[in-house]
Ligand SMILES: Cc1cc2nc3c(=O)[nH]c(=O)nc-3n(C[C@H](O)[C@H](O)[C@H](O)COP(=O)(O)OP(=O)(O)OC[C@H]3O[C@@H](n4cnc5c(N)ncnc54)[C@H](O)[C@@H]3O)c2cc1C
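Below you'll find only one chain, the form predicted on its own, shown as structure tokens.
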């Protein structure tokens, strides 16, 4: 398992933002993952895990210690058993690979998966989903079980969690921590929807029209609530187009913050804080972020 020093992390995030990792590893399987995790522990280094990079903001100062990136931690197996489609995949597998499988069999989950970037592990951690009233619309609705790898400094262990053992909520899952999700098992009835390809194409056309998908971003920055849509609140406060440096509230969709060219993490976080402050002052609503900050922050 090759471990490199001083690797810039910006290219490993959808925002294209972030400083260097002291040490960096790209495992492709569970044994390589164990090897580099143990390497970091033996050198008393803090170990951070980076998935698809779609919902993180990495500090301009980078991440100290060892960063284990799961971008190449990818493998997928697809089987039809009786009346169900069953998929097993490593957690670094792109959600787009699941999309291809569901499209092949013309199954309903393709519709919500078409709107999700990132990898399967991140989808489970965040219970990723879409705002549209689809079924299914969240990751927790397609997961049968998943495996979590833990390390106590001496022994590695893998525990399987069944769907019912996890507390699934809006943009969050809990009950499996600590550890890192390494493998997911997905099950869905084979009930063909002959119109699913047309539905996916139409949904993608609408997303392209409404969202700045041609610009680096992390997707939605703020969590919607039952009472409020974050984009509508931000727009109502006149914040579309608000900019610090090259970090800007999208002029197309107010819940996206885009990297115009050379945005820094500090620029981006400052925009987030300004939006939160302005919306609270004008509406009394405190917007919560979906974004996870990694690395050294003041």
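Because the structure is predicted, anything quoted here is derived from the model rather than measured. Positions refer to the first chain, counted from 1.
Keep in mind that the form predicted together with the ligand is missing from the display, and what follows is about it.
- Of the heavy atoms in residue 54, some are within 4.5 Å of the ligand in the predicted complex.
- By the criterion of a heavy atom within 4.5 Å, residue 218 is counted among the residues contacting the ligand in the predicted complex.
- The closest non-hydrogen atom of residue 176 lies within 4.5 Å of the ligand in the predicted complex.
- For the chain shown alone, residue 256 is a contact residue for the ligand in the predicted complex, at least one non-hydrogen atom being within 4.5 angstroms.
- Just one of 207, 163, 228, 86 comes within 4.5 Å of the ligand in the predicted complex, counting any heavy atom, and that one is 207.
- Contact annotation: the ligand lies within 4.5 Å of heavy atoms from the stretch 91-99 in the predicted complex, the single such stretch among 91-99, 195-203, 154-162, 77-85.
- Residues of 121-139 placing a heavy atom within 4.5 Å of the ligand in the predicted complex, in sequence order: 121, 122, 123, 125, 126, 128, 129, 130.
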